[in-house]
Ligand code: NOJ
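Only one chain is included here, represented as structure tokens and corresponding to the form predicted on its own.
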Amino acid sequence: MAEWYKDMSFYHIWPRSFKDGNGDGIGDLAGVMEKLDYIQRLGVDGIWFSPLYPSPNADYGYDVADYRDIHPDFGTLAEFRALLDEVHRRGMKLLMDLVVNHTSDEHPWFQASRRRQEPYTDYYIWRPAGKRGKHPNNWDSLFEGKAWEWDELRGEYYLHLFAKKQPDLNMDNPAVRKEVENILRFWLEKGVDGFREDVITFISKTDGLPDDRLMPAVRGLRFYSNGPRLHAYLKQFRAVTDGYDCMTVGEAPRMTPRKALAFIGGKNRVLDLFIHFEHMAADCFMVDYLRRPFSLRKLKGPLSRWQRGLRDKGWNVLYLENHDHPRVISRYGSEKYRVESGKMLAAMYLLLQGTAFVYQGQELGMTNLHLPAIEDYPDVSARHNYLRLKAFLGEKRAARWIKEGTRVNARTPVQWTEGENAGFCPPGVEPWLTVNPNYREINAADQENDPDSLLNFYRSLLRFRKEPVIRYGSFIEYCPEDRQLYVYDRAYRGERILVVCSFTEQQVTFREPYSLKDAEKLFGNYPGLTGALRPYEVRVYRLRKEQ
């Protein structure tokens, strides 16, 4: 089994917004090839691509219409192969997104299934109408209305846990699982190094698809999250990937360390890592658009719990941003203290134990987008949930919550320069999505040669992550009940790293957990030292001896 991922950091690319290489206003593989030097200089060891497959873009790539090709917006299979070869030439790895809980309704499998054409008749989850013509059960979709949509051609309902154009595959059908095996082999034979497996814990549904009487906000979730045959199906897929030097990362809503170890622990693990969401609920309730005041304890509690829970048993994923969450400085930091809080957040998570992921633009301190109308945010989830919230909160408050919580905030074009379109696409070309107007103050070109920039802070941290104390060191948290400070240390073979993070604009008195008289200050976001911690200050100390 591959374990090289334990020494690595990955750069996460949402390709539509990374870099336009052919001048059509849409990010593509040519743009990624153009920026490989930048990615490598950041200090990461690999790239994770969000879906590159052909898709009608009801959910921007997470509605796959063909698992064995590249979306024409992004390029061709030949361009992908050339990019993969160049990534490998640089000693880096490449991960693909595997989206097999559902497909697009434009996928040939679904079009054949709705016509009852064999062998595709049961590739999806179809049910007749319930009593008095009602839905087969009372489950909710996470993106769009109820979880069932009527198909006139077939004369039945199909299940869609996400958008209506994302019908769920019937993984209980052995032929569907064989299709997944073949998809894995197709890309592994081309040389990819692993997969991030989208909502993979949803692929097994409870027998009978019963009504849910207990969870009115997300009815049905407990009947398809971590379902009865999930482990068996993942074991089947693992038998394929174990034939290659491959890593697998599962995405897992409602995951805890104890549950995770059943999948990622031990020599017979069926996945290598889990991307979980527990620490991403520090300013919301369950989902990003149900806004709550930020709570540091809701951030550091899960982070520390996963550090302790997987110690010597499994391996952590470290992340603060991806394509599904708003920008972290706008959430957990401060746009007023953007650089200071950005550096603090970077050190806070990158110095923990685990495989780190940095999302495009995170290293620049990109922030949330502020647009006037809900209609300006191109996202099926944002539009649907705005209508749902408006009925309870009123139009103004619902709009504010959605604008703060929508994942569109993380999908604006990467800000490369202070020139027109932020250098994402050529002057005079309209980018597919609004560029954040603050690109003149926040862009890669300005930060490139500034030794104090956030970009260069990330570079320094990612280099330092190669130190044995970060790879192997123990983890101890101090003052866990503190509402303003997150303090922990890492220790290994006589070296100790103390990480002190302030999450407030106020000055905070810090009580040292042990003497720092002989300590070296490794990282900080302010010059010099003062008695009290300054707004969003981070201090990272190294002691060469055990204290």
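Each residue number is its position in the shown sequence, starting from 1. A quick note: this is a predicted structure, and the numbers were derived from the prediction, not measured.
Another form exists, predicted in complex with this ligand; not displayed. Remarks below refer to it.
Quiz item: residue 105: heavy atom within 4.5 Å of this ligand in the model of the complex?
Solution: Residue-level check for residue 105: no, no contact with this ligand.
Practice problem: Report whether the minimum heavy atom distance between residue 224 and this ligand in the model of the complex is within 4.5 Å. | Solution: No, residue 224 stays farther than 4.5 Å from this ligand in the model of the complex.
Quiz item: Does this ligand get within 4.5 angstroms of any non-hydrogen atom of residue 407 in the model of the complex?
Solution: Answer yes; at least one heavy atom of residue 407 falls within 4.5 Å of this ligand in the model of the complex.
Self-check item: Distance check, residue 196 to this ligand in the model of the complex, heavy atom within 4.5 Å
Solution: Residue 196: yes, in contact with this ligand in the model of the complex.
Quiz item: Looking at this ligand in the model of the complex, is some heavy atom of each of 353, 489 and 541 within 4.5 Å of it?
Solution: Checked in the model of the complex: no contact with this ligand for any of the three.
Exercise. Name the stretch: of 288 to 296, 72 to 80, 321 to 329, 118 to 126, exactly one has residues whose heavy atoms fall within 4.5 Å of this ligand in the model of the complex.
Key: Selected range: 321 to 329.
Quiz item: Pick from 251, 340, 168, 144: which has a non-hydrogen atom within 4.5 Å of this ligand in the model of the complex?
Solution: Result of the distance check: 251.
Self-check item: Heavy atom within 4.5 Å of this ligand in the model of the complex - residue from 279, 465, 238, 411
Solution: None of the others qualify; the residue that does is 411.
Practice problem: Would you mind checking 28 to 62 for residues with a heavy atom within 4.5 Å of this ligand in the model of the complex? | Solution: The stretch 28 to 62, when checked against this ligand in the model of the complex, contributes 59, 62 at the 4.5 Å heavy-atom cut-off.
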